[in-house]
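Single chain ahead, written as structure tokens, the form predicted on its own.
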């Protein structure tokens, strides 16, 4: 009986997709050699951007096929952060892209819109109080949800605008330490997704402790997704996000194609 019921639900999902009553939203930025990567201080090893090297393109090297060699860091473009990415998550079980249970890549989306706040303050930080204000309207964030921070940052089309670096470092919005702790421990989210280049605010290297969202989320076995687009096409609640990284052995993360299923 349960098998027939489950099959019916899946068949209904296909019917809803075919009838366009469910909208498939691509939340992924296009990955290319011009895709920005995070800038680290020169004392640290840098992450390379994408390099495409052609193997063949319908020529003597391969007359009927076209393909390339990809060279890039795991954390390039729209990408997934696994717990092993950060020192706080290095000893957790099932903490890498090849060992995380696939079920954990799928979850309901809670989209918190702070675009107006970010227009007024590029260093805006989400707080627990702001999350609770959102919950007063949309309901409690369920366990196993993706919390997506809509900031409007994806409208920044140049590298300079996107990284927004100044003499004192980059400036971009993110999460306060208290908010990351609240989401990870009191709401038991799958993880967080952002439009910016990393899940921490641009100035998070100066925080105490530095990069608190990475430290908190990955220490709790949670995930991160960066460089999202089209969050304006999602409702505050009601969408489902699928964010599956490449199954890299002992992988700390990977570029991925993030899609959402949303009511049309």
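As the structure is a computational prediction, the values presented were derived from the model and not from experiment. Residue numbers count along the first chain shown, from 1.
One more form of this protein should be noted, the form predicted together with ligand 23J, which is absent from this view; the next part is about it.
> Please identify, from 32-40, 229-237, 64-72, 50-58, the stretch that has a heavy atom within 4.5 Å of ligand 23J in the model of the complex.
This holds for exactly one stretch, 32-40.
> For residue 182, is any heavy atom within 4.5 Å of ligand 23J in the model of the complex, or not?
So residue 182 does not count as contacting ligand 23J.
> Find out whether any non-hydrogen atom of residue 222 is located within 4.5 angstroms of ligand 23J in the model of the complex, and reply yes or no.
Output for residue 222 is no: heavy atoms all beyond 4.5 Å of ligand 23J.
> Is there a heavy atom of residue 198 lying 4.5 Å or less from a heavy atom of ligand 23J in the model of the complex?
Result yes; residue 198 sits at the interface with ligand 23J in the model of the complex.
> Please determine whether residue 105 contacts ligand 23J in the model of the complex, using a 4.5 Å cut-off between heavy atoms.
No - in the model of the complex, heavy atoms of residue 105 and ligand 23J never come within 4.5 Å of each other.
> Among the candidate residues 134, 86, 124, 153, which is the single one with a non-hydrogen atom no more than 4.5 Å from ligand 23J in the model of the complex?
Exactly one listed residue reaches within 4.5 Å, namely 86.
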